[in-house]
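Just the one chain here, laid out as structure tokens, in the form predicted on its own.
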Amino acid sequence: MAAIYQAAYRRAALFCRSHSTYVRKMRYLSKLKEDDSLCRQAQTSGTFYLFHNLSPFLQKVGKKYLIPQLSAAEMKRILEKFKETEQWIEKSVLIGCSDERVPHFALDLGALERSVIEAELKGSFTDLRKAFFVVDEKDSSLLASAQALLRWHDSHQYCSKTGQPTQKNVAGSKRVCHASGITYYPQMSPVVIILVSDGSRCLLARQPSFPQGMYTALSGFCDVGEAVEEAARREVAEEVGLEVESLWYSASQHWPFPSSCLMIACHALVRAQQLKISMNSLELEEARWFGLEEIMEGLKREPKSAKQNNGSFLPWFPPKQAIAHQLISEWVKQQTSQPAQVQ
């Protein structure tokens, strides 16, 4: 009995330590966001992720693409090479910290010569959409958050009321117009993304701007005053002319395209009596029903292997990093786990 109690105590202690680590980390980040002096000090011991005009810096190691973390000393060396002062560091934004409370910053070096930086660090600045396909899932989330925050600062340098310049705090968690006293905070736009099903098929669509052959779930921005459920039902009605009968939430994801969005993912079941698609051609190029077998084949297909000899493209779906992929995979799992009906 004593051994059982000891094992239970060890498990409880392990949980408490893990929980305490997370709480300490979150409270440390909160302090950094509010205390300019503390954050400025953290910049001298933190690590930095580099961008150039919002494109992240990657290094290829073997077949993998990695996102290097540069130390403050390495950042100082690079800035000295360009005859820039350490004040450049204050242009960085806080994007997180490790469990050991080593702060992470993102810094855009767009004003410096791109090729020189790439040669010096033996890597390349890569378009974020391309980076999403080659980095690990946890890294893609970090890049998305960092780029979104850098983009927000770049586009909010003036007060919308006075037209005067705004000033960011050291962490980059806000900007202040000292002329009006208004404080601006980064914002995300809520977007619903809905995988529509009739029970045995799911509906996917594509826009003209999509890569050839790519299909995904329906999506759209929430209107002012709308609940998520209302926005989902409206988008399905507007885009494909179907009426949602039931709706359930799956997950959410920050998505930086075209700007900082919060993707709210849902599954929707439409009425069996109304399955004919009436597509809104102003928004979509194509929308159609997919069966389980076609979906499973599409999930295995790489974009580069989708093109056929006659020039047409087989359907393929967003990468694993995208929440649309998660919705489609969940639908497949639900379909394949259903018990077979007795004839």
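Just so it is clear, the model here is predicted, and its values are computed rather than measured. Position 1 is the first residue in the sequence shown; the rest follow in order.
Unshown form predicted together with a small molecule; subsequent notes refer to it.
Only one of 243-251, 147-155, 213-221, 97-105 lies within 4.5 Å of the small molecule in the model of the complex by heavy atoms, and it is 213-221. The closest non-hydrogen atom of G225 lies beyond 4.5 Å of the small molecule in the model of the complex. Shown alone here, F257 lies within 4.5 Å of the small molecule in the model of the complex, counting heavy atoms only. Contact check for V270: every heavy atom lies farther than 4.5 Å from the small molecule in the model of the complex.
Interface membership of Q207, defined by any non-hydrogen atom within 4.5 Å of the small molecule in the model of the complex, is confirmed.
Though the small molecule is absent from this view, in the model of the complex it lies within 4.5 Å of a heavy atom of just one residue from M263, C159, A72, L142, which is M263.
Comment: the small molecule is not present in this chain, but in the model of the complex one of S180, S200, S189, Q167 has a heavy atom within 4.5 Å of it, namely S189.
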